[in-house]
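Shown next as structure tokens: one chain only, the form predicted alone.
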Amino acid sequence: MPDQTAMRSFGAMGTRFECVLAAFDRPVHRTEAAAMAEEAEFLVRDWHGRLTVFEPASAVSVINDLAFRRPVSLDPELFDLLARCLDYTRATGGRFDITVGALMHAHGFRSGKPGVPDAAWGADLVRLERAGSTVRFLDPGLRIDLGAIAKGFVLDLIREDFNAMGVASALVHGGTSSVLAIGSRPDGSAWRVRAMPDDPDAPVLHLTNEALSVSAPSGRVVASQPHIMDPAAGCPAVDPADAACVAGPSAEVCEAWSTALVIDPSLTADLPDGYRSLIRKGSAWRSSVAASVCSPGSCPSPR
């Protein structure tokens, strides 16, 4: 394989994406490699414009504005994404739920005045009709907010595009908490990714054709409350894990489950086949693969 690489970084979805294309399964000129990286940026920016809750013209904002009054037509990709999100809600016992939009606003994690009196939430208030590819809300106070799963969704789309383009080795991340490893490194070794880059004692995972998502209550805090919402309680998570990391084939699935596990680590036993987790509570990391408790810096790197 030719020794050509391309790198690109850009801001989108409230964070910074970085993309490194390291090797290809066919001869690729440097300018073509750069164009591939640029295509990834275009894809992320396009979906950012459709999925953000901060732009009134986005598809999600239109859904939130109209779906109680009438069914809203969706394109097939967005319909399927919302359908999968409802499936994740069922699989995680309600711990992952994109209908927490009004709760995020009510607790001050979105723009505007906190304290929405008509806040409603719950996946049972969403109706998807596949025959017409429409979505409808059953309560006027319901709002969806895709949050971090939007990053996982676009990372999976990037992988599909890169595979079709002949990218054999690449690493893409969105804000370091959402990571996609395509293939292995050019020397054949796995991509090594630290679970929490700012913590030198955090475990390092070995990723080959896998994604990684990290959820943590630190970061955005309002009135000493974490930004991770517990749909079961209707408020910010109480006593969440310090961090939950999930690795596996799909970045989207990793995002849903890392959010659920940071709220309720006991859900580790319900992880889908092919996925594994690392959860930190206090100074210890627990690995779902090794079934052991690890002190900082000593946790195994599950393969």
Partner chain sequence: MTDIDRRQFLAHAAGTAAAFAIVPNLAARPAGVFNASNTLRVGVIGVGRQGRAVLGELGSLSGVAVTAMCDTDERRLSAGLRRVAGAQSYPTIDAMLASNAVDAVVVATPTHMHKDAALAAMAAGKHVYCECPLAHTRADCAAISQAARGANVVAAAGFQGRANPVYQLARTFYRSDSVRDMVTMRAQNNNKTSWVVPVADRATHKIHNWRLDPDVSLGLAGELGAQQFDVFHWYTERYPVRVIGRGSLRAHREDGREVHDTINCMLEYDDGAILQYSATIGNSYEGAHEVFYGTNAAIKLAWSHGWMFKESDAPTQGWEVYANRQQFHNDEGITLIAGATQLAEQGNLQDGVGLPYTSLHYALEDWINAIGSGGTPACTIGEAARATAVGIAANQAVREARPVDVDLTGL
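Numbering follows the first chain given and starts at 1. As the structure is a computational prediction, the values presented were derived from the model and not from experiment.
The protein also exists as the form predicted together with the partner chain; that form is not presented, and the subsequent description refers to it.
By the criterion of a heavy atom within 4.5 Å, residue 276 is excluded from the residues contacting the partner chain in the model of the complex. Residue 46 belongs to the set of residues with a heavy atom inside 4.5 Å of the partner chain in the model of the complex.
Taking the partner from the other structure, the partner chain in the model of the complex has a heavy atom within 4.5 Å of a heavy atom of residue 71. Looking at residue 242, you'd find every heavy atom of it more than 4.5 angstroms from the partner chain in the model of the complex. If you check the partner chain in the model of the complex, you find a heavy atom from every one of 29, 50 and 56 within 4.5 Å. For the residues 76, 200, 140, 188, the 4.5 Å heavy atom test against the partner chain in the model of the complex is passed only by 76. Stretch-level contact analysis of 268-276, 243-251, 230-238, 62-70 against the partner chain in the model of the complex, using heavy atoms and a 4.5 Å limit, identifies 62-70. Along 164-187, a non-hydrogen atom within 4.5 Å of the partner chain in the model of the complex is carried by 164, 165, in order along the sequence.
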